[in-house]
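Next up is one chain by itself, shown in structure tokens, the form predicted alone.
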Amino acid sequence: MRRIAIVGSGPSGCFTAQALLKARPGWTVDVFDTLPVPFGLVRYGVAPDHQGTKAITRQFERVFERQGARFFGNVTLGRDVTLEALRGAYDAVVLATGLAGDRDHGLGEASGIVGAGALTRSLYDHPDASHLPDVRGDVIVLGNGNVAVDLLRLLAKTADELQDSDLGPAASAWLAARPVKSLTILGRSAAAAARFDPVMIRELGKLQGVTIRVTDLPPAGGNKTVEALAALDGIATGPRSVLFRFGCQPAGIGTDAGGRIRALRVEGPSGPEILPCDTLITAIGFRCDGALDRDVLIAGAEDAETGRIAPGLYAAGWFRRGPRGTIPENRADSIALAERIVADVEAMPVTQRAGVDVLPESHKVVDWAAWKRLDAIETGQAPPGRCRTKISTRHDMLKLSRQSENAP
């Protein structure tokens, strides 16, 4: 029997498992995750008010409940098991751990500068997140992608507009208390090159309590993103100012005596400008957080384009391609990778593999059944107006999964 290990249970990991088991139903596919819960980016990266996008987890559930993939949560590569041990125990190992670190903005250090990755982890109850930061005053979101739009939308929404989300109580209270005066989304590229999904831009037109302006727009010329942005300009449903600007290269920051950012210097379309800025949220992309030496692995890959790092070792999703691509694009990437793995593995001689015996017997693994018990707790404790309240610490996840297992 062939054995495949996938490290990471986010979209790319689940799509790869799905494609492998569709092609070879008799194979063993084990999915490991450092967290005690599955789904990675869908759980901790997709905005809480985008439950339609999060519904992809229903498809992923079938991978474990119908196709036979096995989930091993609370397993950290490098701490609980080495990459070498996995490679010795499986015919192929797929690294699908994504990219969790914020890319360096290069503007220097100051309080009031917040990375989008760090902020979303805090907002979305990631167990390794830091405390929610002090976001206030004139807020600039630096970035031209969907993460920037997510944060802008959440900061602009009223409490009523967050109904039916899975935003937790701490994040809900934090958003309600934010003394935000204005919101500017600042793009370094021209509007026509922005990476926003036009659907997400059009969604901003439904916001209540905002006045939206969009500047530096060229003629649409058939560009759907520019068309969507132009349609936002002039919407006025309330007093909170929302401004889109493009073609502005950050050149430096100004701080007060306490070291907090108070201004952002930019090279704008008409020359140098100084923009008031009490909080700068950088949404300029992601990098490896250091848990795996991703850059070295990809640089030395036999065929990085198809995801083959070395014989029996592969990379999927953002871990391979860098921080770009939507969930559907990563699905296509995973299907192609699964085809490559099937071809490579079937060309190998059949050997005896130890599989999950690489883990110590005493290790506290959270399996699929334990996750489903946690899932029931989260949905069952949701207050009115929320579809779930996430368990936000590893300690509680592990404790509750064991308590639920032993309950009468």
Ligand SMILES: Cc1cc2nc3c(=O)[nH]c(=O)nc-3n(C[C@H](O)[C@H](O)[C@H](O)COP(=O)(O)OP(=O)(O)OC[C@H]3O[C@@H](n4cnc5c(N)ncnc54)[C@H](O)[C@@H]3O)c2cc1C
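The first residue of the shown sequence is 1; numbering continues from there. Small disclaimer: the values here were computed from a predicted structure and weren't measured.
Beyond the structure shown, there is the form predicted in complex with this ligand, which is absent from this document and is the topic of what follows.
For T82, no non-hydrogen atom is located within 4.5 Å of this ligand in the model of the complex, even though that partner is not displayed.
Interface residue remark: T53 is counted as part of the site for this ligand in the model of the complex, having a heavy atom within 4.5 Å. Although the partner is absent here, V75 is a contact residue: one of its heavy atoms lies within 4.5 angstroms of this ligand in the model of the complex. Within this chain, Y90 is remote from the site of this ligand in the model of the complex, having no heavy atom within 4.5 Å. Taking a 4.5 Å heavy atom cutoff to this ligand in the model of the complex, the contact residue among V358, V46, L374, V366 is V46. In summary, among the residues Q208, T326, S270, Q249, the only one with a non-hydrogen atom within 4.5 Å of this ligand in the model of the complex is T326. Contact with this ligand in the model of the complex, defined as any heavy atom within 4.5 Å, is confined among 184-192, 97-105, 241-249, 270-278 to 97-105. Along 4-32, these residues reach a heavy atom to within 4.5 Å of this ligand in the model of the complex: V7, G8, S9, G10, P11, S12, G13, F32.
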